[in-house]
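The chain below stands alone and is given as structure tokens, in the form predicted alone.
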Amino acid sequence: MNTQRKTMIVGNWKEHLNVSQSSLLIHRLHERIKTHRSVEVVLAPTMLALQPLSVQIDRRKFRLAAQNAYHIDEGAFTGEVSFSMLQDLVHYGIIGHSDRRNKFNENLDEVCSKVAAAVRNNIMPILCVGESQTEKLAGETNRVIHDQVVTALANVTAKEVQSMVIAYEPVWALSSGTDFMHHATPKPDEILSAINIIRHNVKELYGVSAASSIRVLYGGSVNASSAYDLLNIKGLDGLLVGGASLNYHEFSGIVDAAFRKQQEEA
């Protein structure tokens, strides 16, 4: 981790928990997670829960993220929620998650449009990139990351990129839900390689300052027992947590691991 870049732990709740269940989880997390100035904790509940949770959360401890939004600010798009509608509720928006790319067929152009929409509405993108098992076996990891990063950042400025977050989430390492304890995890050198690829691509596009300012996270079956070792990987600024973020013991343990690591580096 880099002491200039604030450590970030993001909990992506995916399609889990109704509003009352979400409120209860927030309450339990509030009881267990201390206020850590050196660790930014971001929660991404369902769209339905964002508004009530925005009133409930302690903003000294937590920030909110949208899991998704539509790239056009307003219009005849029945059923959609735009980034412009979310700008008073969230700091961040998760964009390009493999669930969206693979299950909802979001292509590179759509991801690019969503990144631009988030930025113009003062919502910071958490851009997700990563390769599938097939692409990994074919030796295409570098190409996939390059294509996903370069296309996604095409319509933003170097200054805007500096505040962004990019999460490396290899599709083959993602758990299918709450079974976050039993799944493949990349080796540390594989994650390090991906981090370096991401920063290299940003550097080629927007220069050294942008590449050194963006925060790079890892996501893929992260749990409390693996968090500390993952955070030891050079250049990694935090974690994107899926299934384990629904378990308040696990998620608070992950935040504690991040704080412990920060204390050691202070």
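In this text, residue numbers run from 1 along the sequence as written. Since the model is a prediction, treat every value here as computed from it, not as a measurement.
Omitted here: the form predicted in complex with 2-phosphoglycolic acid (PGA). The next part is about that form.
K114 falls outside the set of residues with a heavy atom inside 4.5 Å of 2-phosphoglycolic acid (PGA) in the model of the complex. For the chain shown alone, A173 is a contact residue for 2-phosphoglycolic acid (PGA) in the model of the complex, at least one non-hydrogen atom being within 4.5 angstroms. The closest heavy atom approach of L43 to 2-phosphoglycolic acid (PGA) in the model of the complex falls outside 4.5 Å. At a distance threshold of 4.5 angstroms between non-hydrogen atoms, E131 is out of contact with 2-phosphoglycolic acid (PGA) in the model of the complex. Just one listed stretch, out of 197-205, 65-73, 220-228, 50-58, contacts 2-phosphoglycolic acid (PGA) in the model of the complex at the 4.5 Å heavy atom level, and that stretch is 220-228. In the model of the complex, 2-phosphoglycolic acid (PGA) lies within 4.5 angstroms of at least one heavy atom of each of the following residues of 221-260: S221, V222, L240, V241, G242, G243, in sequence order.
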